[in-house]
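Next up is one chain by itself, shown in structure tokens, the form predicted on its own.
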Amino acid sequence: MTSTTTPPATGPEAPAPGRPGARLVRAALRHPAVVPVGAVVLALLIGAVIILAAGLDPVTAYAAVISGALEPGSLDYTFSVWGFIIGMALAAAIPLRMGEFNLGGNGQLVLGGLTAAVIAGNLPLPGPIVIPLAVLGAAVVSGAFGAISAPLATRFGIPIIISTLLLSPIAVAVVSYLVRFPLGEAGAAVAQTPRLPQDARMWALGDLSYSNVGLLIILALLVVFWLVDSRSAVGFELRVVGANRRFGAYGGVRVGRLALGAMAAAGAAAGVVGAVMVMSSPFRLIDGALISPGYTFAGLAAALLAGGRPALIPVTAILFTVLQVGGAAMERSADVPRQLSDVLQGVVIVVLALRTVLDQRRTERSSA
């Protein structure tokens, strides 16, 4: 008997030898963190190009941003801004978990601030009663306003991203009118409500001037969202619908009711932020003061960067807090306009929103 040995295949039909390095690179590129980190790097590079085009040093500018936000004298204010950005990130992240974009944060924010100003400024009750009542009232009013977008989407086919974007300026205009005329302080140089009484002011945290109990309230909301997202059936349904809406509906998820709850919760989170801001220094609602810092879109960028995951929101919010607070220091010490931080946030939002839209379309094509 003779045996023959088949030689190994060669030529174009031979399987390519495994290259562990190439497989490792492909696996790394598919990691969920690649796009968010790439968006931040791209934003920083674009900012550096803008700074260089102006004849300035980007290293000096970015160093001024970091030192201005993290120096000991600024930490109190930095923590306060961090809390506000986390709160507005919640307003974006809750609907984002089911694949929806809430662009109405400004309207929900000012409605919450107005409600808190009216309740806290007109009810002669002790602080332990009037402060929680004002925060709760702000959450209810803003939550109801946010929830309007859900039936507009399910009954009339108006996408939530469109309805929230269009309804928000209406709320801002109505609040501006009320602050300027029927609710405004008589004889004031600017449009603002009267100063809140002492009992209606948010409790301080020790000797801190800016950070107060409102920061703890916002962090408590974040913990609640994390528990709901990771430990409840509602959180599972949000993630299922966000991954594949058709599959979720086929599996019995009532998408319309889920959207109603998600938008109500998102609006309530923004309303709580507005209430905390009004009941903090200067203890009044000033026309335009709640939306001018840009917390809404900083929160949206933080939520997108975190992919809506509540555990990552505090981390991603740090980046935009540093940009927000350090922008003024950059303008003072490096002569770079603080609007550059808005440009960086905008680049991150565009890249991550485009990635989300492409992922949704890819999922829809695969399930068709």
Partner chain sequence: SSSGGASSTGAAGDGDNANSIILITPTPIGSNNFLQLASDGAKEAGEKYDASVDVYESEDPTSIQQNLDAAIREKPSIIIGVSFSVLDQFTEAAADNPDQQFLLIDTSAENPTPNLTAATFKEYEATYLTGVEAGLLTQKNNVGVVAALDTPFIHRWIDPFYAGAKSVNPGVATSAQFVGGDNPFGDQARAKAQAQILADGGVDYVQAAASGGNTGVFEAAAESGFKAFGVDTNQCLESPGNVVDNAIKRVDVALVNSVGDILDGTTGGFTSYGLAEGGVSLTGLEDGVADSQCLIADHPDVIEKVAAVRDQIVSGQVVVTDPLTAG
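All values reported here derive from a predicted model rather than from experimental measurement. Positions refer to the first chain, counted from 1.
What comes next is about the form predicted in complex with the partner chain, which does not appear here.
Taking 63, 70, 328, 40 one by one, only a single residue has any non-hydrogen atom within 4.5 Å of the partner chain in the predicted bound form, and it is 328. Contact check for residue 294: a non-hydrogen atom falls within 4.5 Å of the partner chain in the predicted bound form. Proximity of residue 309 to the partner chain in the predicted bound form: non-hydrogen atoms within 4.5 Å are absent; the residue sits far from the partner. For residue 136, no non-hydrogen atom is located within 4.5 Å of the partner chain in the predicted bound form, even though that partner is not displayed. In the predicted bound form, the partner chain lies farther than 4.5 Å from every heavy atom of residue 57. Between 190-198, 109-117, 214-222, 260-268, the stretch whose residues reach within 4.5 angstroms of the partner chain in the predicted bound form through a non-hydrogen atom is 190-198. Along 269-284, a non-hydrogen atom within 4.5 Å of the partner chain in the predicted bound form is carried by 281, 282, 284, in order along the sequence.
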